[in-house]
Every structure is written in structure tokens, then in C-alpha cells.
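Given as C-alpha cells, the chain that follows is alone and in the form predicted alone.
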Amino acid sequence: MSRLAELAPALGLTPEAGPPGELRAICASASFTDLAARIAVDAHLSDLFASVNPEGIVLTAVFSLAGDPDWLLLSTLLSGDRFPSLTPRVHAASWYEREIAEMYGLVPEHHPAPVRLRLHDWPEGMPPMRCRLAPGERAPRGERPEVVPEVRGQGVFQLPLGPVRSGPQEAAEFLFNSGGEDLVAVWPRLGYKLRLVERLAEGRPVEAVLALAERLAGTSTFSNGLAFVQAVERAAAVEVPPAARLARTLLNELERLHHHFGAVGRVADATGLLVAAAQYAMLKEEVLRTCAALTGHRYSRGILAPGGLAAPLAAEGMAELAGRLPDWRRRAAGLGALLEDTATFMDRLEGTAVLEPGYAAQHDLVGPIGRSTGVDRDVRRDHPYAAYAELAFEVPTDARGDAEARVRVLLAEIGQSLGIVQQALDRAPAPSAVPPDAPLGAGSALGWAEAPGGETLHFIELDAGGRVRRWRARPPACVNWHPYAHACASGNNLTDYPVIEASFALSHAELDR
């Protein structure tokens, strides 16, 4: 029996088995917050979201434990539009509850910071996940003045950056409060490209929603699509052949490689190492071209389907990957060693934007950012999917929590991903396609994958016709943006900001979904 299965009865809950690896429990709305807080003492709060059902609005909290193969989903049916906030007892719940408030019009009572998260100019009384607009009708512009925090004091001024920026930067505004050179406080304003994809998914066929999942963010196209399609497969009890599971693993690691090569290259560029940045950009481009040779798309869009793959991986692409892989390993190892031996590079990273382990633990961080604070979490190992249970790899961690720790974790993960890709190549040739005609019916399930930025969770509810009734997407950026402002103001100055932003490598698009 898993630890979560033992924990639930100890709190008076009677969990029922859902799809494999899922435990589900229902409680009264009056006890939901207290039970969730008690579970979070031992477990990670992996998600908290709302759903509109025929009976009313349901709140669901998702919990996980390191080393435990199960997930626990605790749900309650609300009796009104208010509920006691979990945030005063579980800090990681703060942004989840702010999102619930703005998207569903619910009120988390006694939330310490009940301000909007992304809907800067949305009208009052029209929560996007509940309001009804006629075809072609646009919501009116909101008139409520937005509260923008500002630090006041002798010589302190506020400097805006964005939302429109040069280069490949996504749209976001950052308000720097500075006393000259030091960063006193940083306030990120996100949501400029909010797409409301979860609302767009309602009533659509799975194939259409899979296209939305693949477009949450370019650098996590495949992993978000994989988490979604695995949720569908678990809800409908669809089996995936071993060859397709192996191919999915290979593509998931190629996505991690092109993301990490790009992330380290941006850190090098931020510190003035333009040659190193160019070398990493070349590696990233080569991985993207190999993905295109394998799947027909640089970001592997369109290759996934319920039950396996929509098309076989191209034999020419497999041959190209096998030929490139030894060179990637040699160049990645050499470049990483050169960076670590460059004192001017490491000095810029050491002690920059520190997330102390104790503070970071309150946010239940995921991915390289979490692992750079000593958190040993990775769903590839803790909740194996695809073919990861058959492959050998390690999960690198570093407890210092600064920019150097984040970069060292990225470099170590590059080596691990290259090893996983080699193991996948050694095991099987390109798999044949699986026709995407698996019968789908009513059901619900959680799906997950380890995206480049960390754990991504997708919850799906299907109606009797196999159409999507509710889709909840929680990519890693939804978790890891939360402590970003704190890290920016941890004894840094304005010239550190490019290094801070590059070392976090956070996706704006994953949050603006």
C-alpha cells in the first residue's frame, strides 16, 4: 500500500481507486480546506483547480509524495461562491486560488493577497470560465483600477520593462523598484497573451484539444501533448504498445535537450559569452532539425495520438539521430566543462537570485528550479510513464538555490537526457504508427509528464461521446513563477537581471494558457 493510501484513512477519508496510480476522495465543503492542509503537511500540493459540473462547482486538490507511485485527488462540491482559503496554511495554494478567483468568480476567504493574477482589464462579474457570450461578442473592457505595488522611500524609483521587448522574449511586464542599482522589489505582470484554452476545449473532440495542448508553449510542445494524451488514454483505458512508449520517451528527451541547450545558451549570452551562446544555439538548432526529420515538425507537433503515434518515426530521422548523438555528447560535455572553468561566468552566477531551500519548499517547486533547491522530484522516476521504468538515469540536484545551481542542474540533465536517448536508440527501431481510432467514452483521469521546466499535469473529463467536458492543464511555469519576484530581490542589482531571467528559463506562454 502506498503512503498516500495509508494517509487518507488516517484523516477520516475513504479513498477509492481511479485509473491506475490514482486515489480519489470526496469530502464535505466545510472540511475541504482543513483536510487539504493536513495532507499538505506530508505531501506536495501539485494542483488546485475548479470545475463546473451539473451539480455545481467542484474544487479538486492534487497531492503527491516523493517516492510514492500514487496521486491523491481530494474533491468537494461547493455550496456557494465562497470557500475558506487554503493559502494561510499552505503557501503553495496562493496562485492556484488567485486563478480560481479570477477565472470562476469564486472568493477564497481570508486569502492574504486576493489580487488578480493575469486578467488585468477583464470586467467584473464575468469570470471567463463561467460567463456566456454570444458568437462574435466581445467582453467589455474592465474599468476597475489595477493595484500595482510600489516601494516608496528616499531615492527609490520604479522602472518598467516590457511588455513588448526585443528579441525572442515573450510579452510580460516587470516593474523594478530600485534605489539606484539594487533591486528592492520586482513585480511581474503576466497574462498579456492569455488564450483561455481550457474554456476553448469544452465540448470539442480529443484531437482538437490535443492541438491546443501542444500549443501551450513551443519549448514544451511534446511534453504537454504527451501528458494530455496519456490522461485521455488512462480515462478510456487505452493501451499503448511498447514500441510507441519507447518512441514517446525518445521524443520527450529530445525536447528536453533543445530546451536546455537554449536555456544554457541564454545564460551564456546574458554574461557576455557570445561564442558559447552561439555554440549552444547550434546544438539547439541541430536537435530541432532532427525532430523535424523524425516527426515532420521541429517541435514534434502532430505526432501524438490516443493509443500511440499518429505516424511512424521516419527511418531517415532515426539514422540522422544515431549519427548526430555521439557528436552532441562530445560537444555538450566540452562546452559544459569550459563554462564551469570560466571564472568570469561562474562569478556572475554564484549567489545570484537565491531561493533558499526552506523558502522554496513552501512553493512545492518542480523541475530544474526545484531541483536546484535540493528538491528530489521527477515524475519520470516517481510516477514512471512511457518507457522510463525500463531505462536507467539519475535525477541531478543541487541545494544552493542560486543561478549557479540552476545552470549546473541544467548541464547535468543534458548529460542524462543524452544517455536516455542512446538507450532508446539501442532498444528498438522506429515503431509503426498506431491508428488514432481507439474508442473513447465517458471517464476522467490525470496525465503527467516531465516537461523541460518540470512536472506538467493534465486532468481530463470525457463525456459519453468521448468529447472533452473539462480539461485542466497545469504546466510547470504555473508553479515556478510564484517565487520569482522573491528571488529577484534577494540582494541583486539591475545588472543581474538578465542573468536571473535566463537562469530561471521560465515560460510565459505556459502561464498565459
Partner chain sequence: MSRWIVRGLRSGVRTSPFPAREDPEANDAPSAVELDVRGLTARTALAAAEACPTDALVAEGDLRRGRLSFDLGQCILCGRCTRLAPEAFRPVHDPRVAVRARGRLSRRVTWSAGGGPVEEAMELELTGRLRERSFRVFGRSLHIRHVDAGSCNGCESELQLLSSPYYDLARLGLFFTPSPRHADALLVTGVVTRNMEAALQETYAAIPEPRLVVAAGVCAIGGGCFAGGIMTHGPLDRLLPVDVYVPGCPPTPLALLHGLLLAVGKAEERRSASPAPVAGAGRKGEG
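Computed from a predicted structure; not experimentally measured. Positions refer to the first chain, counted from 1.
As for the form predicted in complex with the partner chain, it is not shown, yet the points below apply to it.
Highlighted residues 329, 395 and 482: none comes within 4.5 Å of the partner chain in the model of the complex, counting any heavy atom. Residue 119 is the only one of 183, 119, 360, 318 with a heavy atom lying within 4.5 Å of the partner chain in the model of the complex. This chain is drawn without the partner chain; in the model of the complex, the residue among 218, 105, 88, 241 with a heavy atom within 4.5 Å of it is 218.
Look at 265-273, 149-157, 77-85, 92-100: in the model of the complex, residues with non-hydrogen atoms within 4.5 angstroms of the partner chain sit in 265-273. The partner chain in the model of the complex comes within 4.5 Å of no heavy atom belonging to residue 409. In the model of the complex, the partner chain sits beyond 4.5 Å of every heavy atom of residue 423. Heavy atoms of residue 71 never reach within 4.5 Å of the partner chain in the model of the complex, leaving it off the interface. By the criterion of a heavy atom within 4.5 Å, residue 371 is excluded from the residues contacting the partner chain in the model of the complex. Contacts between 186-201 and the partner chain, taken as any heavy atom within 4.5 Å in the model of the complex, involve 191, 192, 193, 194, 195, 196, 197, 199, 200.
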